[in-house]
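We begin with a single chain expressed as structure tokens, specifically the form predicted alone.
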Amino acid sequence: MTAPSSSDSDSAVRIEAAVRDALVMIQPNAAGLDGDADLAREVGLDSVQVMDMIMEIEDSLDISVPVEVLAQARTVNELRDGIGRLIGSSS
């Protein structure tokens, strides 16, 4: 097993911050949310809020997030990991 490089670690931190900042911007009461919390059931995000959150993440990270990444992510951690795979980070 190879240890992650500092740039991978930096990317993972940047992705986590972008996801959490976007989430709190859309749903302020989600600050401090556990990473395994279900975005729809526990946070109560509807589809419009999810799309708003994704647009914030895209702007923050200067990327485009495909629908497949959204479809596979139900939690903050799954979304973070999906975006990490998208941009080639080992988050």
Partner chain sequence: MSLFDKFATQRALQTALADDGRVASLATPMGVIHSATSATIDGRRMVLAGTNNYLGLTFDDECRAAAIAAIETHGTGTTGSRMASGNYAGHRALEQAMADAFGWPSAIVFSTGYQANLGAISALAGADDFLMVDGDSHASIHDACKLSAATTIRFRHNDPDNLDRRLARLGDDAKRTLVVVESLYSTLGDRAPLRKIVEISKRHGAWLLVDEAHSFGAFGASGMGLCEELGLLDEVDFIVGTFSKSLGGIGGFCVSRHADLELLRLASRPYIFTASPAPAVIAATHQALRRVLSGQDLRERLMGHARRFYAQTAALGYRLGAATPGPVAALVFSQRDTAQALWRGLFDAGVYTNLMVPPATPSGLSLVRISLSAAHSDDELSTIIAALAQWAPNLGVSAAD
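If you're wondering where the values come from, they're calculated on a predicted model, not measured in any experiment. Numbering follows the first chain given and starts at 1.
Quick note: we don't show the form predicted in complex with its partner chain, though the next part is all about it.
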Would Asp38 count as touching its partner chain in the predicted complex under a 4.5 Å heavy atom rule? no
Does any part of Glu42 reach within 4.5 Å of its partner chain in the predicted complex? Heavy atoms only, please. no
Do Glu58 and its partner chain share at least one heavy atom pair within 4.5 Å in the predicted complex? yes
4.5 Å heavy atom contact, Glu68 and its partner chain in the predicted complex: yes
